[in-house]
Every structure is written in C-alpha cells, then in structure tokens.
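Okay, so here's just one chain, in structure tokens, the form predicted alone.
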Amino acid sequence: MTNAYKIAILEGDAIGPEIMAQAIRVLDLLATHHDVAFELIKAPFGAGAYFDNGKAFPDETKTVCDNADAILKGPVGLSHEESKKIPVEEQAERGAILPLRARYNTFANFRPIFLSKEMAHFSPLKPEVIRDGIDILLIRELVGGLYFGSKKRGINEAGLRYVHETLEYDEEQIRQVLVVAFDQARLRKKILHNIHKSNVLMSSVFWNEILDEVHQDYQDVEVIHLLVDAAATALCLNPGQFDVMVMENMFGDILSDQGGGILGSLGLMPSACIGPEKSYYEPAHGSAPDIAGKNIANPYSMIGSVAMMLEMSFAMKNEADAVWQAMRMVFESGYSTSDLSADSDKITLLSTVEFGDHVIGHLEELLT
C-alpha cells in the first residue's frame, strides 16, 4: 500500500519560488523510487500574499495548512522600502510567520549547524578552529517570550513616547521544549548546553529552575550552563565544544543566525518548527530580494528542510539521509553557487537549477 502525504507548499517571496522548485524536484524523485505519494498544494503566504489578498496569511492558506500532514515554507519578506508599503501588522514576520507558529504551536525549532571538514572553506573561521567540522543542533523555544508577549506603544505622563513589551513564559512552555532538547541530547552525545542570562533576567532564573526539574528524568545527560553572551563568543572561538544547545526564543533567534555566520551563510541552515500535531519546515535565511530572479540562490537550506520533513514528519529517515548525502556530495565535489562562495577560484559555480541538477543526479544514484 502506497503511503500518501499531503504537503502545504508556501513558496514565499523573492527567491522563495526559485529554491522551492528545487525542493519539489527532490520530492518528485523520491515518489518515483519509493512506495510513497506526495500531494503538493501551493498556497499564498507572505508579502506577495498581502498584495494579492490583503492578508499575509490568507484564510485559504490556513485551510490548506490545516488539512496538510506537514507544511513546507519558503522564505518571506521584501526589501525595507517595499515592506513599508505594507501595514506593520501585515508585514511578513508579524502577519504571517508568527501567526503560523501560534496556530500550530510549533514550540520547538530545530536548527542544525553543520559543516563537514570538506566544506570548511565556506566558513570565515580558521581551519584550526573548524578542525574536523561543525555539528551542532540548536533547539530554540519558538512560541513564547518577548516575541509573543503583550505589546504597547503610547505617550506617558511626561509626554514622552514609550514602548512596552512583555517577556512571558509559563512552566509548561519551558518544560515542553526542554524535554525535546534532553531527548535529542540523549540520542547524540548526552551533553546539553543550556543557554540563559540568569545573572540579569528573572525569566532565565525561572527557566533554569524548570530545567533542574526536567533534568531529574535525564540523569544520563550532562548539563552545561552558559550565559548567552559567553555562548556567542564560544561559538566563534571553539564551536566544537557544542553538541545540543537549548534556549529561549530571542536568544535562539540571535545565536542561530550567528551559527549561520560561522558556517559562512544562513543558506547552509535549514530548520524544522515542530508542534504537537503539525510541523512546518523552512530555510533559516531570508528571502534575499536583491538576488531574486537571478538563478544564483543556493537551494541547500530549502532541500535540507525537505530532508528534515521526511525524517521528522514522515519517518523516512533513510530517504532523508540520502538527501543530505546527495547535497554534501555536490559541495564536496567542488561545486557551489555564487551567493555562498567567496573563493571562486577553487570552486565551480553553478546556478540554482544546476545545483538542483547535481543533487538530483547524486540522489538518483543513492536511491537505485
């Protein structure tokens, strides 16, 4: 009996449709080699959706996502000047991304920070820092904290403009993401770095209290506490010390982008946003409107998001591993795209579509 999965395809803005096209090629290939069928349903989402529908996350898209087994999302957003044409509440981040996370309670964000030794040339870090490569799993709480707390702007009694934003967490929000992080640490090296700011923030004191409670069920996992500012420094000086990292929403937003920096590009960082009933998968990078339509954006993070979806939503780990291997084979054979590569003398540059061609070629060999 053929396994069938329904996937909501949210292409997004700017380079989104270009890199999504290559991700869809991977799904199409897998369907021809395995007893699986993917029903792909495209729906508008992001800045383009606002201009066409008056909403960044239209009702029709919500229905498509509600009925899907998983959601595959491209990057959203436009340039600063173009974004100013959209009301603040409907700009892609506030009007689309945050409501998507809230709708499906995608509380755990998985961001793998991976660079093989053969791909080390992408990183701005020295070879003696990279050593045998980087392999970190950053887990970020995704539906709480400052991003989802109450927000208010106004004028105070002194006649001064002010803004008030609230960082809010309850114990269950913290506990559920910590359980996920401990589970992942147990599957890997049994080391969990807990990133916090408890020397200043009461929210971090509370976070650490809940972590101590959860740790009682994971005595085989070593917990290493690290202040977020120290963690930022350590990621640059010695990334190899980290395996699984867990942190609250804003810290995770910042450090995961720094993770992209030590890899050499956010274009090398896919991600998974996991909820209790439904998950969505997306590149960690933005929509890069400055290179849209030029056929130079690397689809690694979009295809990598497919690999994460295959494993985490559809239990297709072998197929997911083959997708990862196919992409790394392209890089390790000396190919890349111009948006990733600073040292083009040692690399053969490919277009977006050509990179997809190479991935498909390697994947076909791996699947037969």
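Start at 1 and count along the sequence shown; that's the residue number. These numbers were taken from a predicted model, which means no experiment stands behind them.
Beyond what is shown, the protein has a form predicted together with a small molecule; the following relates to that form.
Check your understanding: Would E90 sit within 4.5 Å of the small molecule in the predicted bound form, counting heavy atoms only?
Key -> Because no heavy atom of E90 falls inside 4.5 Å of the small molecule in the predicted bound form, the answer is no.
Check your understanding: Y218: heavy atom within 4.5 Å of the small molecule in the predicted bound form?
Key -> Outside the cut-off, so no.
Practice item. Tell me, yes or no, whether A284 is in contact with the small molecule in the predicted bound form, where a contact means a heavy atom of each within 4.5 Å. Key: Yes, contact at 4.5 Å.
Review point. With the cut-off set at 4.5 Å between non-hydrogen atoms, does R111 touch the small molecule in the predicted bound form?
Key: So R111 counts as contacting the small molecule.
Check your understanding: Tell me which of 154-162, 120-128, 91-99, 200-208 has residues with heavy atoms within 4.5 angstroms of the small molecule in the predicted bound form?
Key -> So the stretch in question is 91-99.
Review point. Has each of R140, Y147 and D253 got a heavy atom lying within 4.5 angstroms of the small molecule in the predicted bound form?
Key: Answer is yes for this spot.
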